[in-house]
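For reference, the chain that follows is the form predicted alone, supplied as structure tokens.
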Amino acid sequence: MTTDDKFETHEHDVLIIGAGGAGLRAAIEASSMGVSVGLVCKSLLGKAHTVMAEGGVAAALGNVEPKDGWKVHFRDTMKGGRYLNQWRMAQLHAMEAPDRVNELEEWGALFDRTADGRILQRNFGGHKYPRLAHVGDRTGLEMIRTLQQHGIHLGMSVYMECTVTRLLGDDNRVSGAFGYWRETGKFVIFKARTVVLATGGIGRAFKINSNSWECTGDGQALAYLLGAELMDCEFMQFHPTGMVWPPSVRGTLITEGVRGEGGTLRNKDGKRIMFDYIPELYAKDTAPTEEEADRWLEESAKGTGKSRRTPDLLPRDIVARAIHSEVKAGRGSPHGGVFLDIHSRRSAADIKRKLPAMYHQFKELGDVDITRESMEVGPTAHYTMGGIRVDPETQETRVKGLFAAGECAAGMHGANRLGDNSLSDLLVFGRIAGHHAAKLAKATSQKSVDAGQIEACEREALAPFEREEGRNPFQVREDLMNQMQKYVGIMRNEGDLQAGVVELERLAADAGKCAVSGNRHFNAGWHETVDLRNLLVVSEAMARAALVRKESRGAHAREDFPDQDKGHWSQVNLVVRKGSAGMEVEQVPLPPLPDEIKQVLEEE
């Protein structure tokens, strides 16, 4: 009996795993090139984490500030990433983002408008000019709606509620994927000439996070286990403003758009906190005077079209650590955060019109009326800058035929992502990945699928059912999230990270002993064992890379190395790969900057 006879089998030119913004945009591009496209999603179409993106999509359209352009956006992105970005990815992103946003509008996206009918843009953290095209505070939802409605008519096949457990092929070339239907537990094989991973982030590795349940590092782990490399894994962004209360929704994201619309962060005494953390002014034991802060505000606002810029919109890593410092110093809110005040800055009508989702979120989940009361907020694990190492021009990994785009890919954001560069990242690199995956699929034949590999995938997937006794996967997962929060969180040090690696090794052993009972239909414990394996891969990669990088840079903060290094560490990315003795971390020099790119960076 062949594997095709034993298992349900589908064959496509291009297989895309993940149906968020990056996956949908890749599918649209590949389908438009006339190849057969299969789109696999872990949940239902339309339920991807992209829908939770609220503030907007960053693109230098210049509709609010004509001085904006791709060069300014590029400089902001490189500066925010502390110059560890792959410069070519940052350049492509800044240059192509306006076209991708205009394309969305052509496909039916209903953006908010300026008085003269153009796409409206708002301020956001780390961006010099108002740059975020938005749909109230529900931009991600509108993006997914638009991409789905446009893409579904192009002939792609969509496979919903399907978990991929392994990529097929080897470290030289990918040949497809092995998985199972979450409803029935039956196995399914996807044969493909090329594969695009677009599975999102890893936030569910942490106890307090803003991510949806799908964000368990699936693409990163699948790529690593096949032989691809990971990069920049030490850089985990903690969004400064997650809900702090009630506990049932702790970590749920509060869009940066609240601060973009004038919201301010205050401690328990009502003092605005961010004036004490302006990088250009802040010294270890001294806060700037009011005169120094005022002078900084006026200088930093020059050329932005606004009279004053707010320090509340400094890059996320700075704001998150400021909140952490206030709480640690005993100046936090009653439930361990700080206060975010919008009601004293905007009318109730403005808040309900510009921030409708935030208004309803707090009213329904926390019984807080943000038109009258301040929100309690604190840092929440939000976005990983690290991920699968890809070629900047094509998004292909070191495994032939395997591509990656979106949050599961590394390189674009460097050490820290600017607010909502993520949504334009999805569009720009989703298109590039889809284009090159289709181009390669047209030029190559299907690699044969190894029957022995299929049998090994089946044995691995069924192993938890064969253990009569073993660890509960839900308990191991809870333990993992607590250990990551404790040892690999917002502030790190050598001792904690070493302890974290030891704990992760223990948890990996426990995960290998997990047992599940019952049959394969709707078996949540079985789903958990697959997610757990993937989370352990990305958690170990983060902890080991964080241990190697002995400096504080962007979203990676070391208490024992508090300064940003201007020498060696400013010149290397950390690459994680599977070695003969386990996970290895290598220091790889940054690609050299061409003279014309150096000139762009020096133009400000």
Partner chain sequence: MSDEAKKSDKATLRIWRGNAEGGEFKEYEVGTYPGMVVLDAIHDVQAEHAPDLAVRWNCKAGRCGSCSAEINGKPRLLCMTRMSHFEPGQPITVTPMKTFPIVKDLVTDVSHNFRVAKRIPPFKPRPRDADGHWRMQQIDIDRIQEFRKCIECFLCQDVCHVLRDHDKHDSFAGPRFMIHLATLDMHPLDTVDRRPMMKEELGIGYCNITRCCTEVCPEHITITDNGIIPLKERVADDFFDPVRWLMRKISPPANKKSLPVLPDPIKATTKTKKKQDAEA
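All values reported here derive from a predicted model rather than from experimental measurement. Residue numbers count along the first chain shown, from 1.
The same protein also exists as the form predicted in complex with the partner chain; that form is not shown, yet it is the one meant from here on.
inquiry  = Only one of 364, 505, 369, 393 gets a heavy atom within 4.5 Å of the partner chain in the predicted complex. Which one?
reply    = Spelling it out, the residue with a heavy atom inside the cut-off is 364.
message = Can you work out which of 444, 453, 493, 523 has a heavy atom no more than 4.5 Å from the partner chain in the predicted complex?
response = The residue from 444, 453, 493, 523 that makes the contact is 523.
key: in the predicted complex, segment of 213 to 221, 381 to 389, 171 to 179, 123 to 131 with a heavy atom within 4.5 Å of the partner chain   = That would be 213 to 221.
query = Applying a 4.5 Å heavy atom distance criterion, does residue 95 contact the partner chain in the predicted complex?
reply = It does not: once the partner chain is placed as it appears in the predicted complex, residue 95 has no heavy atom within 4.5 Å of it.
Any non-hydrogen atom of residue 225 within 4.5 angstroms of the partner chain in the predicted complex = Residue 225: no contact with the partner chain in the predicted complex.
message = Residue-level question: is residue 469 within 4.5 Å of the partner chain in the predicted complex, judged on heavy atoms?
response = Flag for residue 469 set to no.
query = Is there any non-hydrogen atom of residue 54 lying within 4.5 Å of the partner chain in the predicted complex?
reply = Yes, residue 54 is a contact residue.
inquiry  = With the distance limit set at 4.5 angstroms and only heavy atoms considered, check whether 12, 159 and 448 all reach the partner chain in the predicted complex.
reply    = No, none of 12, 159 and 448 comes within 4.5 Å of the partner chain in the predicted complex.
task = Check each residue of 344 to 362 against the partner chain in the predicted complex and list those with a heavy atom within 4.5 Å, in sequence order.
result = Heavy-atom contacts to the partner chain in the predicted complex: 353, 357, 358, 360, 361.
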